[in-house]
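Below you will find one chain, with nothing else, as C-alpha cells; this is the form predicted alone, and questions on how it binds or moves follow later.
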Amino acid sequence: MSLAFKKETFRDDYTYKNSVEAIKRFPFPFPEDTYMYSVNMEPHTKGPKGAVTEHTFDIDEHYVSECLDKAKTLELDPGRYAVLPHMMDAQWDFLELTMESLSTDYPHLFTLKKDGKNWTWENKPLSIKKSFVFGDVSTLDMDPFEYMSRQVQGDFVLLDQRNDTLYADAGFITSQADWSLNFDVGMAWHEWHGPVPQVTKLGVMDRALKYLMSMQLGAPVRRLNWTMTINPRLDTSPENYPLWGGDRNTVTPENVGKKVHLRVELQTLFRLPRSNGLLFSIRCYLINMEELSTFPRWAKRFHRVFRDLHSDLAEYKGLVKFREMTVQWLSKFDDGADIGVGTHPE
C-alpha cells in the first residue's frame, strides 16, 4: 500500500480534510436507521483490502500530522499521559504488539530487527531509528508505553484485570471525546462508564465487562463508537473545553456542511501476554457533512439516525445546540426510500 502523508492541522486554522480515498474507507457506524446502545463487538480479524480494519493498527494519510498533533497536545498538557507503577509488564506488552504489528503490516514504513533482547526499531515516516534492550527502560528515551503511543494513531488505555473487574491504570489520551484521563486513571470499569446515560437500566456495561473479562490471548475484538465534533479537532478534552466548547455556538445553516463532523472511534481490545491485562485502542476518524454526503446513502441514513436520536444521548454527546440545523441540512438528501440494512456507502 502506498501512502501520501498529508500536512494538515487539527487546531487553529483547521486544514484537515479527507481525500476521496479516505472518504470511501471511512468507518460509517450505522447499519440501521435508528440507534441506541449496542456493544456490537466482533472479532478483530483482517478486514477487506483498503478498509480501516485491514491491519491490526490502521495507518492512513493523516498519520504524520496526527502524530505531530499528539506531541503538541502532550507538550501543552503532560497529564495526558499517566501510568501507575505496577503496569510495567503491560507497557512492554504494548510496545511489542505495536512494533511487531506495524512492521509486519507496513514493512515499507516500519522495520523491527531482533537479536535476542537487542532490538532495533525504525519508523521511516517520523524519521526515528532506535536500538534498545527489550525490558530495560533505561535504554529507551521514555516509558515504552509513551514511546510507541506517540507513534501510532489513536489513544490507548491499559486495563489491569483484578477483583473481578477492569481498572484503567494507564493511558495516553490526546484525542478523547470529552473525557478526562486525569479524572479516570485508576478507576474501575463501572466508575469509568458511570456518566453514560441509561447504561445501568439497559445492562450494556455489565454485559460488556463480562465479555471483556473472558477475552483470550490472540483473539482481539473491535467495535465502533461515535459522537460529533465542531471543526476537525482531535483534542476535545474537558481540560481544554474553553478552547473548543464555544465552537458549538458557531454553527449556522450556511456552514453546517463544513463545520459539523461525525467522529467515529474504531475501538479495539487485545489481551496482553505478560501482564494478562487488556489494551484498549481508540482510533478516531473525522468526516464533515459535505464529505459524508459524497455518498447519499450515508447522508440519508445519518439524517434518520440523528433526527430520531434519544434526547438523553443527544444531551450526553453534546449535540443539542447544532442538532436541528444539521438534521435540516441532511434532510435534502433523504427522499424517504428504504435503503436496507448495512453500513456500505451505496
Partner chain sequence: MSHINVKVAAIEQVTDLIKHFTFVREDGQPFPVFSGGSHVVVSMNINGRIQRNAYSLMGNPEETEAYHISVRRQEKSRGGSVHMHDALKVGDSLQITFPVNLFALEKRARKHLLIAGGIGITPFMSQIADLERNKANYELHYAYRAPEHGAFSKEIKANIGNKLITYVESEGGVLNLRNLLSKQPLGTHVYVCGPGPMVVAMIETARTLGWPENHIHSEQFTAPPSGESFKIKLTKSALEIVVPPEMSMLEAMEAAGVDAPYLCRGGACGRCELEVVCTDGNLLHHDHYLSEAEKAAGKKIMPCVSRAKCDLLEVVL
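Residue numbers count along the first chain shown, from 1. In this text, all values refer to a predicted model and were calculated from it rather than measured experimentally.
What follows is about the form predicted together with its partner chain, which we do not show.
- With the partner omitted here, the stretch from 221-229, 257-265, 158-166, 145-153 that lies within 4.5 Å of its partner chain by heavy atoms in the predicted bound form is 158-166.
- 276 is the sole member of 104, 120, 139, 276 with a non-hydrogen atom within 4.5 Å of its partner chain in the predicted bound form.
- Among heavy atoms of residue 113, none comes within 4.5 Å of its partner chain in the predicted bound form.
- In the predicted bound form, its partner chain stays beyond 4.5 Å of every heavy atom belonging to residue 252.
- With a 4.5 Å cutoff on heavy atoms, residue 216 counts as touching its partner chain in the predicted bound form.
- Residue contact check for residue 210: one or more of its heavy atoms lie within 4.5 Å of its partner chain in the predicted bound form.
- In the predicted bound form, 86, 89 are the residues of 56-95 with at least one heavy atom within 4.5 Å of its partner chain, listed from first to last.
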